[in-house]
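Below you will find one chain, with nothing else, as structure tokens; this is the form predicted on its own, and questions on how it binds or moves follow later.
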Amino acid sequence: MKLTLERAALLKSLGHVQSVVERRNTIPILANVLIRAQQNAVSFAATDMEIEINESVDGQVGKPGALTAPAHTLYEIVRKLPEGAQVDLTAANSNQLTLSSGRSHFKLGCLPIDDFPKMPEGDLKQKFTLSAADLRTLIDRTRFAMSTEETRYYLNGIYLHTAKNKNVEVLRAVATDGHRLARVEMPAPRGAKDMPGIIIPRKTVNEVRKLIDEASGDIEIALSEAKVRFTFDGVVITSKLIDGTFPDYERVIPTGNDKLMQVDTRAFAAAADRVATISSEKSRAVKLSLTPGHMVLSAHSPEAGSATEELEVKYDGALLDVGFNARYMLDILQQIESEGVSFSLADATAPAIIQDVADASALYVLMPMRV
């Protein structure tokens, strides 16, 4: 194998694929990236057996071939080369890769390409297309609520499915960790109708999110009940899905919250952040005390003391005190793009519904705390 690539293109592709490689591997081949050179294209692939990333780039291929090389080591070498450098990759056999750039020369041990696992695609019959902006919205407005508890593995991802909203077919993404829930929807694209509900794993969600910032066109999503594949700009990400049943999230969205409070999003977020400085690290509890037109945020800690801050709000309901985890609340407020945010409340023990006053496509549910 013999090929030449510009450092920037090589670094970009290696950066994409090596991020799925776990630092600690019990299976040596999973620490390697598979490099294939043919005609004027070079492909890089890496996998952890649950997710596989494959990316193709243009390159000068002097001699076609394939090998596997240590992913993180190769990435670090290329990262430390000077900008604008040309990188030559050569291999007389599949046991050793030679990297040359200017006066720098490296020899890396390789493992047999036959050992590199290939993820079977299966029959991904359901296909539809989303713009990069739409997929970014679905991910950004929900992924913060994904659970990290391994015992409830079926919550460790984003639940993507179609649903009906006022007789309109919508594509809906939902995530929850039991403390908060995020739901965002948009008109279902052609091809998504009657798709099976799938749970995309947290790692896959984060890898896709990292890459779509660089996407220039639409993203094709193909799926079955066991796998999902994202294709765009020479990148193909194939992932297994979480094999579990996502809970009936509609049951936790309250319907009887009759007290409506509206407040300036940024002013409220800044005030909550300041007051939360006093709350204990474990609970991060902040109390909202509401009276008509007025809100007092407060926090108390036996060690740190107390804090209060007052804000003007739109509220004409009865006196209400309710507590929330400040970090969870701030995570939600970061998703609100307009100047106003609305809280639909019932009492101190009922979950709150939080929405952007200018955008009804996203809905958030936040469980209260005792304060």
Partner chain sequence: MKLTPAQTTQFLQKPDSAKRVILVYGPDAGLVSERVKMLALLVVPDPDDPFRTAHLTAAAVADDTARLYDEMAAQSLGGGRRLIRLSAAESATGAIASLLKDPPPTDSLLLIEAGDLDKKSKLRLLCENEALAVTIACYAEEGAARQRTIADILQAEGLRIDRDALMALADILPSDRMAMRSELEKLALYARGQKEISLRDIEAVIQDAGAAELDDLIYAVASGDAARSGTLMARLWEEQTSPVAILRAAQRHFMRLAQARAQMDEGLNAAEAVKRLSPPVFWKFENAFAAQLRRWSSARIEAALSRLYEAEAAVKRTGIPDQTLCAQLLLRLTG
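Residue numbers count along the first chain shown, from 1. Here the structure is a predicted model, which is why all the values come from computation and not from measurement.
There is another form of this protein, the form predicted together with its partner chain, and it is not shown here; the text below is about that form.
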Taking its partner chain in the predicted bound form, would Lys2, Gln38 and Ser216 all count as contacting it (heavy atom within 4.5 Å)? no
Partner contact check in the predicted bound form: of 308 to 316, 59 to 67, 24 to 32, 336 to 344, the stretch with a heavy atom within 4.5 Å of its partner chain is 24 to 32
Indicate whether Val228 is a 4.5 Å heavy atom neighbour of its partner chain in the predicted bound form. no
Mark Asp123 yes when one of its heavy atoms lies within 4.5 Å of a heavy atom of its partner chain in the predicted bound form, and no otherwise. no
At the 4.5 Å heavy atom threshold, is Arg251 in contact with its partner chain in the predicted bound form? yes
| field | its partner chain contact at Met367 in the predicted bound form, heavy atom, 4.5 Å | value | yes
Checked Thr98, Gln86, Ser283, Thr137 for heavy atoms within 4.5 Å of its partner chain in the predicted bound form; positive is Ser283
From Phe144, Phe116, Tyr154, Phe106: within 4.5 Å of its partner chain in the predicted bound form by heavy atoms is Tyr154
Applying a 4.5 angstroms cut-off on non-hydrogen atoms, the residues of 37 to 69 near its partner chain in the predicted bound form are Asp48, Met49, Glu50
